[in-house]
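Here you'll find one protein chain in two forms, each presented separately as structure tokens under the names structure 1 and structure 2.
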Structure 1
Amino acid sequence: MVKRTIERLEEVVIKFAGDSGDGMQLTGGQFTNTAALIGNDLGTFPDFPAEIRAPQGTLAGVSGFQLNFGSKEIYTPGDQCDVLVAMNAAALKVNLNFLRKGGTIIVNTAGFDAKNLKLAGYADNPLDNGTLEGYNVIRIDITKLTREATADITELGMKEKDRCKNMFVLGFLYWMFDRPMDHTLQMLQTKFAKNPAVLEANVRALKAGYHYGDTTETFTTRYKVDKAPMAPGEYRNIMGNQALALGLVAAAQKSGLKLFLGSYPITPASDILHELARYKNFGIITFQAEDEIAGICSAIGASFGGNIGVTTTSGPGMALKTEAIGLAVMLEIPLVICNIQRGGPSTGLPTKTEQADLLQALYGRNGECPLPVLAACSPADCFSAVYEAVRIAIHHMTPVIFLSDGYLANGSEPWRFPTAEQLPDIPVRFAEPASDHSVFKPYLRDERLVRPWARPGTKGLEHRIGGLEKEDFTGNISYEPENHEHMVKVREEKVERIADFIPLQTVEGPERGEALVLGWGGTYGAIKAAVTQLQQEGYRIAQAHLRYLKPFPRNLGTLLLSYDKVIVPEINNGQLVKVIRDKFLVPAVGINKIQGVPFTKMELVQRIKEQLG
């Protein structure tokens, strides 16, 4: 009897990699859900190929899923992997540089035959030529063992059986890291309830992988990662696009309004449409339009009709929606435009992440066309941030741009979801006819410079709409020069006054010091991890992360002047840093990365140190 030992680890990073048809996203997602149920904190980074179906075995077709889970607070998906699962030679070649020296590689030896080696560009087999010296290599013929486990399921052909090999890998890793199979078994029962043969094959493969680790005497060590200390409450694992959809549903329920989504499918925003379509029982209406322009125009119509109008897209779609956004600004109606950013320009890198649409969100329209801009900082934060976008849109009668990105949209983390009572109110007030039967003035403003929201069909509230310039108060068409300048300045001032109704900017760290690391969007986790390490090394450094990008919080300028340096990391060529320099005349410096992948902790630590000198 082989003696087994249990080694406790504080944090583990696993990367699942294989062909886009190998089910690596499903495998990583199931391991993630199990880790979340156990109580680990975690961060994930799915990495999809851009091609819809690249040739099998090629470098372009490699799909990856990185997961960092631990018994401590996790801020990022991890810098380097501790464990790499490589289902074929191409997966190894693409990801070997991301594995720490001494790490573990689990290889499917069937994916290293002559054909796969040639497709991956290997002259000889890296399993045998010393390439993997210094790594702990676990060789398993996963394909063969999966076929053996499913051999007597005669209803399935060999291709269908081979699709189960990801479950074999998952079962083996469940054994290796002392994880239960229960959650995945339940998922399989639900997913394949109408296909008993496929269900049986996947269950057998999962259990075969688990028992392979348990019965093979080669493996003498298992690893255990304990629960992370988390605030008490109910948690679920959530992806950014899921959180965004739920935030919109919650805002509709809290406001008492119907929500209409007019959208055209585009990566990486499409999942929001799919997710919201599941909530028809909450009065959510989803419309897959024929193009981007139709999507936003239908949402504008919904908002004009007294509903919450929403449209979702990515950078290329934002370009197409530009004229309609200007119409919504001229109409001054509540509308939420969700831009899930990706690499650009043009089609660019459709499955890779980037933060390069900030200047487009702030300035990318014809004429003087101001509107609020908000950004989420983590997958779970997409819920709160988009809820706030809806609140501002309704409270201030304005379109709002909400920014997320591919990293947040497809990444996941544990989320302690709130109760309805914990969510801020979203009061709604529609215009009513005047008691003295006076003529309705659609652009008569209150102290916030907000005009009334008049539902069409309400007797006594008839008024003109459209994109032509409005006369102040009456809303009639006006070409008067002084009126146009006045309305331009009023629309800008209305947006700037929103700063009186949002929280002041906070910092994490000392209120004065050597540097303030200022970020926005999906860079939060990497900045947090880097700043925490630098603080532990004795640097007097702080972090501030912006949710509100227009208008900025009222105290931001004062905060920036409290530090010797302002450093702005961004996944673009330097956009927020330009705005900060222009707005506050602060000599901020940028740290930029434009590679379609997020910052790692250690590269930020190094580059911040370079700036500090």
Structure 2
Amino acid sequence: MVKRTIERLEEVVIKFAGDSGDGMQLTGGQFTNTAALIGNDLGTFPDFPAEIRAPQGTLAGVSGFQLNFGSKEIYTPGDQCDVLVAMNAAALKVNLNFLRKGGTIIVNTAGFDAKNLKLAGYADNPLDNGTLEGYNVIRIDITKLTREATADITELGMKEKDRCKNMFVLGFLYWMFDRPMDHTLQMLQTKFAKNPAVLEANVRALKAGYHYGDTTETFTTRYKVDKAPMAPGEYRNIMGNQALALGLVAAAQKSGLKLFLGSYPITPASDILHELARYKNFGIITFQAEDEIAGICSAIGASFGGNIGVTTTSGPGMALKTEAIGLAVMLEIPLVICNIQRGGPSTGLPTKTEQADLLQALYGRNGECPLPVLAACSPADCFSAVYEAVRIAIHHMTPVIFLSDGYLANGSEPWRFPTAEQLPDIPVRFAEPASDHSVFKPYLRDERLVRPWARPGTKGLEHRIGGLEKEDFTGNISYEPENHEHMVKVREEKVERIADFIPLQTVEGPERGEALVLGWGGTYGAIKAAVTQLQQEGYRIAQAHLRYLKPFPRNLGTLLLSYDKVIVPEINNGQLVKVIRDKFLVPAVGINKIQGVPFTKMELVQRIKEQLG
């Protein structure tokens, strides 16, 4: 047996790519979980085709899953990949330019027959014509080997056996990166408990892949990626939408309130609805409404009823909700509106990510209609950020807009999940009838300018409210000029005072310097990676990432003045930068990318350098 080198790597990016039917998401997910269990830090991002099921073998049908894992802190799913798995010609074509020069390609040679080449639009075979020069190409006839491995399972047809191809690849990669198969074997046991033949086929394919690496003499290098130095604790892997759903459930539990989700399906927000629909035993009610307007309006009804009303949506759905958001602002009831942003405008790029709904969140309603806006910065952060959104909504009796995006929603990362006890309390205080039986005043405010929440069914608090301008204190309809101005100012001030109840903005890096890179939302990881590298290169720059977009943390203005330059990278055409310039009159500049995909570290490094001159 040939002795093989084992190379130690700090960080590896693998992209699994194949036809939609090839099971790449599952493969990637399994590799991810195994890496996590071993103790690597990681970040993942799936790359679904826009069509439900595009014809097999076509470019439109390619489905991918990217995983970045390492023995150091990982901030993103990775810029370029080190290893590309290409199950067919189309998968190679779509992904080749994301592979770094010198990287490894594992190809299923069976996916490069004449038909596949034609569907992928290759005139001749890239495996043979020099296209892949400079890469380390590992050719395996995965189809054939899988068939062989499962040859004597007579219960299954060829088609079913071929479906195990992905396990072969996974086995091979487990071998290559020296990972145990246990986790996946366990998963297969559970998944196919009722179907022993399929189970057997999958297990055989997995092991065949592993042993193929082990026994075939061609492959001389194996890699080892050690544990990452992560904060001690118990971890799980989590995707953004899942974290968001759990954050809502946790908030419901901790507040002791029922949570009602009124929602209408839309990519990439639907999974929150799907996820929450499973938690009926947590008292979570999900209501698939007839449209987005009914989604938010039913949530408003639920909030008026003394529950946590939530609605989830994306771009076009958000546009439809703006009238009702105005009502919620007038009613001053707790409500959480989650916008999982996607590429716009209009129907836009439904399956791609973007951050272009910030100005809509801040200003996209008729009239002066202020409300708090929060954004999550990583998949796992969706949990705590939405939890905070619920807390603010209840504590300050206000609708809150919570922004996530397609990248966070479908991306995943390790999460040191909290225990229920560690979560901050969400105290709820419903109004109670005055002891002197005086008339209830639904708009009598406390020092935070917050009005009482009267739960229908409570004797003595009967009251009527609506979307017309109302008299302060009594809530009666009022057309009085001065009252209107007063109420507009009070509603604004109420939101601004939330700043007294949120943390000051922190920075990562020097307290003053050449530049502050100011971001928000899903760009955190990429900015972090880029700024870290630039700091290592000696630049005196720092990073600040906003969770609170309205109100801003009290110290933001002072903070901005401590740097020579403020640079604002965004996955849009420049939105936060507008607000910063207006509010603080600093000549902040944007770095913008509007391609439906996140920043890569390297492009940020380069573009920040350009800004630093």
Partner chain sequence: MAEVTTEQPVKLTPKDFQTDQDVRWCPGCGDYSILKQVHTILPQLGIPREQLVFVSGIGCSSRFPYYTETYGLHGIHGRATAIAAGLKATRPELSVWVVTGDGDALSIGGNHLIHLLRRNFDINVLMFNNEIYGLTKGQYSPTSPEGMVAKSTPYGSLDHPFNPIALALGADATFVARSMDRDPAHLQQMLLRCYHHPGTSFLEILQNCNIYNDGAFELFTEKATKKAHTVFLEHGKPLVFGEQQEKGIRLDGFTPQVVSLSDYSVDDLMVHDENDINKAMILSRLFEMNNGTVTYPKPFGVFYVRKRTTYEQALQKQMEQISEKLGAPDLNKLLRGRETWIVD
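In this text, rigid core is short for the largest set of C-alphas that superpose within 1.5 Å between two forms. Here, residue number means position along structure 1's sequence, counting from 1. These figures come from a predicted structure and were not determined experimentally.
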{"item": "Form selected (criterion: the form predicted together with its partner chain)", "value": "2"}
{"item": "Displaced residue check between the two structures: E462, CA, 2 Å or over, core reference", "value": "no"}
{"item": "Exceeds or equals 2 Å, Cα of T154 between the two structures, core fit", "value": "yes"}
